[in-house]
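This document starts with one chain, in the form predicted on its own, laid out as structure tokens.
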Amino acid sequence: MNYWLMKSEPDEASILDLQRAGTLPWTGVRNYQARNFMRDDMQLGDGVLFYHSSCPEPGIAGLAEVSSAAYTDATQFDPASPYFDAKSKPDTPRWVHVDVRWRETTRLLSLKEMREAPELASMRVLERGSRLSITPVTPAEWQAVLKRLHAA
């Protein structure tokens, strides 16, 4: 089993949106490294830290799991979509996504609190200049986050 931190802007898809829907496609990823994580490394049942980004108080807002194998992200072919990619063709798509299933809405583990936690210091999301929307999380980091989320 692998673990991931997946960022979403809450005005586009929040943990509450995921809770209401049950499962959502993780569309719109347009970074090759993040795409490769979905395509090559994610497996059914992998744990997901659902992270609210680009908002007044960023942080981990809940837990989810990967609920599908990677498949073609149709938004790349839709000219009306903000994720349209004119260079991507249906017979040779560039972009894939996975589906994510809601597991739990938690208290917000803020970015500030994460930065202050020595046991989380190695998390990629905390690296200076880190902009990836999907990053791997180690089992030790996963356990440390769960402990913090459920301690308060």
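Predicted model, so just to flag it, every value in this text is computed and none were measured. A residue's number is simply how far along the shown sequence it sits, counting from 1.
Absent from the display: the form predicted together with the DNA. The rest refers to it.
Remark: all three candidate residues (N31, S54 and R128) come within 4.5 Å of the DNA in the predicted complex, counting heavy atoms only. Among residues of the shown chain, A144 is not one whose heavy atoms approach the DNA to within 4.5 Å in the predicted complex. Under a 4.5 angstroms non-hydrogen atom cutoff, the DNA in the predicted complex has P58 among its neighbouring residues. By the criterion of a heavy atom within 4.5 Å, L132 is counted among the residues contacting the DNA in the predicted complex.
In the predicted complex, none of the heavy atoms of L63 sits within 4.5 Å of a heavy atom of the DNA.
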